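Shown below, as structure tokens, is a lone chain in the form predicted alone; questions about how it binds or moves come after it.
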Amino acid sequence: MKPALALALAAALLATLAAAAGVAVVYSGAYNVSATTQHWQPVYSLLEITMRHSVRLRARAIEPPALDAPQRIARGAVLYRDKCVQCHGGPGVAQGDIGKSLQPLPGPLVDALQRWRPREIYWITRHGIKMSGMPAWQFRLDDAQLWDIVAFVQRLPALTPQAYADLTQDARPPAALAENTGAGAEPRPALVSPATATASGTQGATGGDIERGRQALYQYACSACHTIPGITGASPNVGPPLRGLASRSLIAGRLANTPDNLVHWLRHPKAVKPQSAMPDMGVTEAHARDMAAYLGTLH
């Protein structure tokens, strides 16, 4: 047998054995998925390396704004307190029970700048990380607020516990801090920067963006109750499947199926049908128009 052929056969055999081993692990239930046990170190290391390279690739074109303005850091401190500290903790502040119990463990961000550039911290905060517990804040915080958090995270390594407490003690919500536009206040940048916009540019009848609507549907957890074509999920049976929604004559059995009525239903389901099990998810007008644009494609 020629050496090249023997080598090819050996490689094919090894690939077959590896595939068989993978199938055995998946279907035997051998891998413990509980959060009370850690990943095997090789699995953890592989996921960590994959995540680092994935983030760096996707964040490489992002241009950070100026991040040293005191007002921006102050806004970021309050946002960090309200959105991040429960999982990541802070100087002198422990993680909450949720953060302590996650696997992989979401560690403190005091050393984040040793591992990530500001644009990468922004990307992670905006888009989240699959299968890690790190949520995507894209539909919860605007672009300026995301950069506010990055600005504050940059300050974390230099903060003593007392300095951290002083910065985060302001009880006002982030929106109140953002309203301070007096002398010396930093202007807030646009909602979505061109370098990070992910919209497809394809609009539906509502004027919303179809691709952004698809993203909004899973970011607002609609796929937790509904099976939605084009959105990965576990085929839940809580709410009705949304396949064919665009072809239905009525919404919730009450409203004519028009784009504007669909937007209204997405934002205020209890106002349309008080006994509906569909909760008010706090959908904004713009996001509802995006979601309705996507749902309008489901014939």
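The model shown is predicted, which means the values in this text are computed figures rather than measured ones. Rigid core here is just the name for the largest C-alpha set that superposes within 1.5 Å across the two forms. Residue indices: 1-based, along the sequence shown.
What comes next is about the form predicted together with heme C (HEC), which is not displayed.
- Heme C (HEC) in the model of the complex is not approached by Ala20, whose heavy atoms all lie more than 4.5 angstroms from it.
- When heme C (HEC) is considered in the model of the complex, Leu295 lines it closely, a heavy atom lying within 4.5 Å.
- Among heavy atoms of Met281, some come within 4.5 Å of heme C (HEC) in the model of the complex.
- Contact check for Glu48: a heavy atom falls within 4.5 Å of heme C (HEC) in the model of the complex.
- The partner is absent here, but in the model of the complex a heavy atom of Val238, alone among Val238, Ala30, Ala35, Ala271, sits within 4.5 Å of heme C (HEC).
- The contact residue chosen from Ile210, Ala144, Leu167, Ile124 relative to heme C (HEC) in the model of the complex is Ile124, the criterion being a non-hydrogen atom within 4.5 angstroms.
- This chain is displayed without heme C (HEC), yet in the model of the complex the stretch 262-270 from 22-30, 262-270, 60-68, 35-43 comes within 4.5 Å of it by heavy atoms.
- Interface residues of 63-102, taken as those with a heavy atom within 4.5 Å of heme C (HEC) in the model of the complex (partner not displayed): Lys83, Cys84, Gln86, Cys87, His88, Ile98, Leu102, in sequence order.
- Relative to the superposed rigid core, the position of the CA of Ile49 differs between this form and the one not shown by less than 2 Å.
- Once you line up the core between this form and the one not shown, the Cα of Gly233 ends up 2 Å or more from where it was.
- After superposition on the rigid core, the Cα atom of Arg60 is displaced by less than 2 Å between this form and the one not shown.
- In summary, the C-alpha positions of Asp290 and Leu141 diverge in the model of the complex, ending up at least 3 angstroms farther from each other than in this conformation.
- The pair Trp123 and Asp290 separates in the model of the complex: their C-alpha atoms are at least 3 Å more distant from each other than in the form depicted.
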